[in-house]
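Just the one chain here, the form predicted alone, laid out as structure tokens.
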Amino acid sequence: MKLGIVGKGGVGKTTVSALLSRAYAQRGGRVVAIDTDSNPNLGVSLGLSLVETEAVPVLPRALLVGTGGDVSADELITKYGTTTAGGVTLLSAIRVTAAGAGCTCAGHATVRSLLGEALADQADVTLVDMEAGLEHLSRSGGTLAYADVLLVVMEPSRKSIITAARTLALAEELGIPRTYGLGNKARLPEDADFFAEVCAEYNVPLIGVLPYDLGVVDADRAGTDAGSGLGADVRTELDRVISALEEVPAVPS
């Protein structure tokens, strides 16, 4: 499965990406997580130190992966992948280190090329943590054009769900087979009902709602593994979401 994680700024995409990657790995899956944020922090949420995260090599720009390309997916993952303590292989696709460095389009092209390659020999799950916004769906070719499933992370606000509805339309136009909304940061008992009602209003399929968790907050403040102090409620819902994704019918390529 090739899984894209998207959403508006501040909804918790990177944390959710780390939690899902970790949960898949704990189930015995081979997981490759790709950080496409120009300010990459997925490594920290996966338990790497800041120094280790900064040391993760960035994928070469505009590299063509696969048959007839510059490198095979296996070679790329072996050379540029960093394995975390939780068993997830992390790739860093984009990093902006200087002002005026230009656009990151070439880095996104590399990710698109990698997702287009058959990854069955290297990963059971390839998860892409996208930066905030919709540009990755609108840019030429679409970074996530080869994703099997798109998860739009939402917080309990109408604006967040409206963004998910707009994302759904772009994903359909791009040809991504399945797109679901995933609620996050549900603090109040009525938050789950809010997600269900407003997602139904805007025709956003809701696959699950992750509760607000103080263990995740503490890990984020400390800069440690997001799943290290995870509460039982979040673990249960993550398992439910993963089980639901595993039951999604495959779409012929």
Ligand SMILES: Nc1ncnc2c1ncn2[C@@H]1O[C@H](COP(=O)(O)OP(=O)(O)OP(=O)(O)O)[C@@H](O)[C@H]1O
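Since the structure is predicted, the reported quantities are computational estimates derived from the model, not experimental observations. Numbers follow the displayed sequence, beginning with 1.
Unshown form predicted together with the named molecule; subsequent notes refer to it.
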{"property": "Ser21, heavy atom within 4.5 angstroms of the named molecule in the predicted bound form", "result": "no"}
{"property": "The named molecule contact in the predicted bound form: Pro211, any heavy atom under 4.5 Å", "result": "yes"}
{"property": "Asp220: touches the named molecule in the predicted bound form, heavy atom cutoff 4.5 angstroms", "result": "yes"}
{"property": "Contact label in the predicted bound form: Leu174 to the named molecule, heavy atom within 4.5 Å", "result": "no"}
{"property": "Listed range touching the named molecule, judged in the predicted bound form by heavy atoms within 4.5 Å, from 200 to 208, 50 to 58, 22 to 30, 181 to 189", "result": "181 to 189"}
{"property": "Residues of stretch 4 to 35 in contact with the named molecule in the predicted bound form (4.5 Å, non-hydrogen atom)", "result": "Lys8, Gly9, Gly10, Val11, Gly12, Lys13, Thr14, Thr15"}
